[in-house]
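Quick heads-up: it's one chain on its own, the form predicted on its own, in structure tokens.
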């Protein structure tokens, strides 16, 4: 549930407005940054396995290319709409700028529930979608990556479709693809690893010993599962995990490896033998040291924020906390580490993959991981120090730093024509 009058795009624009006001930007700059530079909506005719025809809708939004080519994931979800994709693209711009990755933000999506389609049908959807957006993507213009509902196989289909149309293999057209066709070691777990690097730094810098901390993770997909495992490996007691079907709880700590095996065999966390059942929404209100919302946007909102008891929230998902909830959490003294910092590990290693693909030279996994940690902790230190210096929340500090870099790029490039 989200705030009744709040949407992801409205949330994104609200936070942009706050940042541009602090920076003293003129209304024209806000107008530029609050709108996408390019948007494409496409129809995707699909022949189902039973020979019936269905027409789906897809989107690709490029929010900004002021600092480099657009970069962002491709989402398959029944909830995808143009405004959601616009918001996600904007957040990608700030994420890339904050981590000083030479990209602008983009995002793509198809309104589809991938669980209701066969693998062959999903391949047809992906190839048709890729063909439809080919005029605006490319290794030097816009580089897609996996997101909710897509994976490395989706990226392989995208790369092959694009390459076949161009007449030669172009690994750098997408990131997050399989290692065998030019993917990067360390990419699959990079977002989760980055979340936990930031979580550990936030805990330590606020006087907590991570090995004595409890944690709850909302979401057990691409980000949440890895985050739970990395937190467990770091010595934290992960007492609750949820997915779209429900949640599980064990006050003495969950065995994340065994929980992962259970999910692999059943497809859901519920029914895990080593834990008690818990309502999914109740997980967000547990009294824990660390809460990682790692599912979808808007899950912490004005209605449930007063009940949140976590000491520190590290956002693994994009936009999981609404502006109204932010104000409530801040008044309660709860520290919120924003998504544009916390979950930036994926775009950092996507950048590494893109660099490797362009050079046709691949790095060792240890090199990828050390560079990821260096980037994440460097960004944390800058945001943490800037927040203290300017008496801002971590989100306010991160957004101002990111927007400032994008504004500088726009100003120095000038307005064409």
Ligand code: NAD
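Quick caveat, the model's predicted, so the values are computed rather than measured. Residue numbers count along the first chain shown, from 1.
Another form exists, predicted in complex with the named molecule; not displayed. Remarks below refer to it.
This chain appears without its partner; in the predicted complex, the one residue of 184, 126, 318, 322 with a heavy atom within 4.5 Å of the named molecule is 318. The contact residue chosen from 174, 216, 199, 223 relative to the named molecule in the predicted complex is 223, the criterion being a non-hydrogen atom within 4.5 angstroms. Using a 4.5 Å cut-off to the named molecule in the predicted complex, not one of 312, 338 and 399 places a heavy atom inside that distance. In summary, the region of this chain contacting the named molecule in the predicted complex, judged by heavy atoms within 4.5 Å and restricted to 144 to 152, 304 to 312, 128 to 136, 249 to 257, corresponds to 144 to 152.
Although the partner is absent here, residue 122 is not a contact residue: none of its heavy atoms lies within 4.5 angstroms of the named molecule in the predicted complex. Taking the partner from the other structure, the named molecule in the predicted complex has no heavy atom within 4.5 Å of any heavy atom of residue 71. In the predicted complex, the named molecule lies within 4.5 Å of some heavy atom of residue 296. Residue contact with the named molecule in the predicted complex: residue 343 places a heavy atom within 4.5 Å of it. Residues from 359 to 382 do not approach the named molecule in the predicted complex: none has a non-hydrogen atom within 4.5 Å of it.
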